[in-house]
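Just the one chain here, the form predicted on its own, laid out as structure tokens.
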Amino acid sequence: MWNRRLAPWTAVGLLLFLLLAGCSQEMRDDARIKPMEASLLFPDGQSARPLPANVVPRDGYDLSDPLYTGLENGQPIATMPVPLTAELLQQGQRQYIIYCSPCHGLDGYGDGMIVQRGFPSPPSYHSDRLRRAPDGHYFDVISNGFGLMFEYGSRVPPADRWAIIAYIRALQLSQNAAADQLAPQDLEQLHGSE
């Protein structure tokens, strides 16, 4: 006879069986072309298609403009293509604290919190090599990563990357300014603190 306690479980099991039996693997089993595989569909025999003329990138950036690449003729640009303003520095400081300080530290010496927890130390922004590096180099590193550094191109918009670079340059100047570049009142304050 029919067991009344098992009836609900039997109905659930039957429903589950019918649902799973209805699933098929048609999409998995459909014909598809693997990346860079030859194709008989196109006259040139290539499955990977070149971009049509005048196509607009998904993010809307003109990848031939140094503002969005940091490069000109394949080389890093020397200086930022945006005007240096107090607002740019403030935005750069905010973005630097969010994205850069965990590794590079608040002062740019490469002693951030995760370095203190055992992660390898990034180079100091105050080294001669990085003080001489063109601004386009920093833009490329922020965009594409370098060494153990993750790429931030998908997380940080180009305007914020330039703001971060402006702030890095301010950090570098704050630690390596020559005395002859200081204003007279700053020189007086410097000599008064000795």
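This one's a predicted model, so the numbers in the text were calculated from it and none came from an experiment. One-based numbering along the sequence shown.
We do not show the form predicted together with a small molecule, though everything after this point is about it.
Taken together, the three residues Tyr61, Met80 and Tyr167 lack any non-hydrogen atom within 4.5 angstroms of the small molecule in the predicted bound form.
Between the options Pro35, Gly147, Gly45, Pro52, the residue in contact with the small molecule in the predicted bound form by a heavy atom within 4.5 angstroms is Gly147. Put simply, Tyr68 is far from the small molecule in the predicted bound form: not one heavy atom of it is within 4.5 Å. Using a 4.5 angstroms threshold between heavy atoms, Pro76 stays clear of the small molecule in the predicted bound form. Proximity of Cys103 to the small molecule in the predicted bound form falls within the 4.5 Å heavy atom cutoff. Interface residue remark: Ile142 is counted as part of the site for the small molecule in the predicted bound form, having a heavy atom within 4.5 Å.
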